[in-house]
Every structure is written in structure tokens, then in C-alpha cells.
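There is one chain below, alone, in C-alpha cells, taken in the form predicted alone.
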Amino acid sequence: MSIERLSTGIPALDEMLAGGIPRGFTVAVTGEPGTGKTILCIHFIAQGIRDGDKCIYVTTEESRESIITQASQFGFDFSRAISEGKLVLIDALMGVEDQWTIKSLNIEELVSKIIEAKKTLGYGRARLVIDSLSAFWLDKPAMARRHSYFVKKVLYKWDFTILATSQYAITTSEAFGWGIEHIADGIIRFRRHVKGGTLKRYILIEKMRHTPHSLSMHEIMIEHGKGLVILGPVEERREDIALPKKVMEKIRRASEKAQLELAGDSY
């Protein structure tokens, strides 16, 4: 049976995904700050605008204006798309209050606002970015999995293909990625490390259901005027650029703590 796939807007990444992301999937885009997650999301939405999809971008950690400015640096005119009714950019807490502002980091309010935006844009195939979803459980990590499942279950009915980013707070005792990863249909992970005094960034497709995807880690760069550029597979083993052992131990303890909290909590 043929699977309909949505282009990510990055041809080399589409090749790694056997043509793109399957329609209707919820994909976790995870990694440390500054690794390229938001840039991938911008490409995904820009491609959706070109393809005539209904596009919604939720930003929780940058202002609406910041996302528009970043997109313009890579040749994407999000302002025009908004004015033409092709894109709704929902701002959480960072901008002026208007119809597309979320007044609190509440998961029900988020989903309600996304559905309102979809109704405004109209019927048809839709793309959604939530950048980041982990912002909605910063004060209660144990709720990560339940919140992620709620978002996926409700919005699937509205014909969304979703990219949901999550930050890893590697300098703290908490880790914020696993709620999304547990329920995701796909996982695209970004990594970084310093090699020879130079910052290197990488991308790895860890999971994508119904897809014979690449198993190789690829080096990437962020290029002004182009955006995310995939340079090619690398020889480094995954463990060569893994998080430090102390950080991994913090993550393990935080994950165990969250599971204990979840077991004694009710939604």
C-alpha cells in the first residue's frame, strides 16, 4: 500500500526518510538548544505553504516576530503567508495579546487554540509545529507523556502532521524529552559536540514508522540564505558524541523520578 509522505523542505532529509514524513504522523524533534530544531521546523512549514497545506506554527520560547525574522533569513516570507491566510503563527507568552496568543502554558488551551486556527484556515491537509511542546510541562515533568498523548490523540482527527520539539536541559537534574518520544511515530534527534575547536552539529533519524529510513548519523550546518544543509554521513559512532556520563546519570534519575510521580498522580 502506498504511503503519502510530506516533504520536510530539505531534499537530502527527504531522501533519508524514503520521501518524507508519513501523513498524520507525530514526530518528536529532540536535542540540545542551538542544534537546529527550530530551523527544521521552519523548513517544514515553508514547504507546507508551497504545497498548499494549512500551516500552523506554535512558538513558546521565541516571539512571533523572531520566527518570522529567522524564516526571512532563509528566504521564506512568513509575513506574506500569514496575510494571505496560509499560515497561523500562535505565540505563547512572548508577544502582544491578540487572537493568536496563548495566555498560559496550559495543554487544553494549546489544543483549543490550534483547532480554532485550523477552522480559520479551512479544510484540508495540515501541518503543525509546536516549538517546543516540552514547555508545557516544565514545572511537572511527570505529565510529559500524558500531555503528549493528549495532543496526538485529539489533533490526529484534524488531519495534522506534527513536528513537536523538545529541549534537553542537560545542565539541570531534569530531562524534558521523553514524554514526546514515548508516543511519537518518529524521532529526529539533533546532537552537537566540539571537534578540533569547532562546533559540529548532527542529525539522526532514530525512528520513523512505515519508513526504511537512513540509520546513519549525518553532519549538518546552518547556512545563511539556505537554512539547514545536510553535509553527509559521518564516521563517528553514536557513542562518540553521546552526552557526558554525569549528564546521562542525571537524565536516568530524572526519568525514574518522573515515572514515580506519574504512578501516584491522576490526570
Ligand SMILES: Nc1ncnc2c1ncn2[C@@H]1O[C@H](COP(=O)(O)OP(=O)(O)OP(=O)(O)O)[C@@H](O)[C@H]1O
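As the structure is a computational prediction, the values presented were derived from the model and not from experiment. One-based numbering along the sequence shown.
Below: the form predicted together with the named molecule, not depicted.
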Given a 4.5 Å cut-off on heavy atoms, tell me which of 73-81, 109-117, 138-146, 154-162 is the interface stretch with the named molecule in the model of the complex. 73-81
What is the one choice in Asp51, Glu32, Glu206, Glu219 with a heavy atom within 4.5 Å of the named molecule in the model of the complex? Glu32
Partner proximity in the model of the complex: Thr59 to the named molecule, non-hydrogen atom cutoff 4.5 Å: no
Would you classify Ile68 as touching the named molecule in the model of the complex, given a 4.5 Å non-hydrogen atom cut-off? no
4.5 angstroms heavy atom contact with the named molecule in the model of the complex for Ala46: no
With a cut-off of 4.5 Å between heavy atoms, is Glu235 one of the residues that contacts the named molecule in the model of the complex? no
Just to make sure I understand: among 208-229, which residues lie within 4.5 Å of the named molecule in the model of the complex, judging by heavy atoms? Ile222, Glu223, His224
